[in-house]
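In the structure tokens that follow, a single protein chain appears in two forms: structure 1, then structure 2.
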Structure 1
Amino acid sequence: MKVAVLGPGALGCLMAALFREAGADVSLVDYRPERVARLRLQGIQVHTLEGGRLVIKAPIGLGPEVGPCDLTIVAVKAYQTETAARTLPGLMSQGGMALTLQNGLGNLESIARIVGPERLLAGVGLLGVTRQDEGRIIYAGRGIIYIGAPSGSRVSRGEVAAVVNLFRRAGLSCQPREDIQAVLWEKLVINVGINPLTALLRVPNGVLLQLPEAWEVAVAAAQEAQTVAQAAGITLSGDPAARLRQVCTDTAANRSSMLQDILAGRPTEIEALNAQVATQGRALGLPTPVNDLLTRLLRAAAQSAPFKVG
């Protein structure tokens, strides 16, 4: 199976490196020629918390150099999905699949607008991976990846199983899910709790468990998201606080993706996370005051960057 990974961020580099290590035919795709040249030279460096370091030279190219691929993994930030999706027709083979492994809601819809829903897969990863620098990442938390065909997709169970096996051969723990829409929401419930709080307070995920006031806000945001999901007809089992606690424990040393974005001065994924909960809550007549406030604070944090003191 020929695979492209779209986006050389933390997750994209990790996927390309692990697939390449496992002998898969994988290429990393970027849109910036200077970065492609640098990454070709230096390779991808994967550091582990135990002090291990791997340098992997996976093929890296601009979109038009790479296709046609049987599987294209979209691993860009949610705010880049619309732009990245425009490269998909040139990357996907006839009958090829596109798999979004992104945070938040709205990515599937943006991709479907360009290539249609029929060959789409959604994936949800609970991994801790931090981008240290260009092409240099820390693999901080080994979690699970769920993959499934969302509604409107015609990807068969056998094809899902083949993709799941590809991930497993790369050493990742991966499971097929028929209810991937619910899994996307389960991850959203976690992200709306952990990401904005860790970004505002500038702490790794595990520290939230030691800050009772921050923890209460994180749990309240997650609970609002779960209520909105249920009102939207998505059945989520279990207690959001327990789920948050588990992920904070499993990825304790990890810097959330939103914290990494804030520290690097990049836009954050707040619009695909807490803002989505607020918008969908409003449409369903449900108040979401905690998600509203966190959305505003993160928007303000981004706007305040040029005025920072100290």
Structure 2
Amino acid sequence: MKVAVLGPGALGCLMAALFREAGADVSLVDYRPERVARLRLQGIQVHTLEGGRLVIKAPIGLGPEVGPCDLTIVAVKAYQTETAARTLPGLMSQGGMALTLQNGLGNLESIARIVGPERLLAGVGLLGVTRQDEGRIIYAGRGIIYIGAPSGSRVSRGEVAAVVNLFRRAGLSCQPREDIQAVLWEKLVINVGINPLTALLRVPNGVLLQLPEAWEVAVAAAQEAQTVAQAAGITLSGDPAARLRQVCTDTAANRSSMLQDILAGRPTEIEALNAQVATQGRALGLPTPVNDLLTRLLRAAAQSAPFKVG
């Protein structure tokens, strides 16, 4: 199986490096020629779970240099999805699949508008990985990846199993899920509580448990998201507050992806997270005041960068 990983961020570099180490035919895809040249020269540098450092020379190129592929993994930030999706027709072989491993909701729909829904897969990754610099990442937490065919996809169970096995051969814990839409929402429920609060307060995940006022807001955001999901016909299991507490405990030292973006001066994925809850809540006639406020605050945080003091 020939594989392309679209996006040289933290997750994209990790996927390309692990697949390459496992002997897969994989290429990392970027859109910036100067970065392609740098990464070809320096390779992907991975600080491993064991505390060591690997330098892996995975092939990297622009889209037209890489395709067509049997599987293209979309690993860009949610706000880059529409632009990245335009490269998919040249990357996907006849009958090839595209798998999104992105945060939030709306990514599948953006991709489907370009290539249709028939050959799409959705994935949820619960990994700890941090981008230090271009091509330099820290693999901080081994988690599970769920992969499944969303509504409208005609990817067979056998094809899903082949993709799952590809991830397993790369040393990743991976499972197929028939209810992948519910899994996407379950991760969203956690993200809308943790990500914006840690980004606004600039604290690691575990600190939220030590800040009662912040914790109440995080739980309220998660509960709103679960209510919206259930109203949309998505069955989610368990108490969102308990799941949120467990994740904050398990990832206490981690910096959320949104906090990493804020600290690096990059756009955040708020539009794919809390804004999605607020938008879908309005469509269903459900109030989502906490998610709406957090969306506005993160938008304001991004807009305020030119006015910061000190």
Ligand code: KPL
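Keep in mind that what you see is a predicted model, and the values were worked out from it rather than measured. Each form is matched to the other, and the largest set of C-alpha atoms that superpose within 1.5 Å is called the rigid core. Counting starts at 1 with the first residue of structure 1 and goes up one by one along its sequence.
The form predicted in complex with ketopantoate corresponds to structure 1, not structure 2. In the core-superposed comparison between structures 1 and 2, T48 has its Cα shifted by at least 2 Å.
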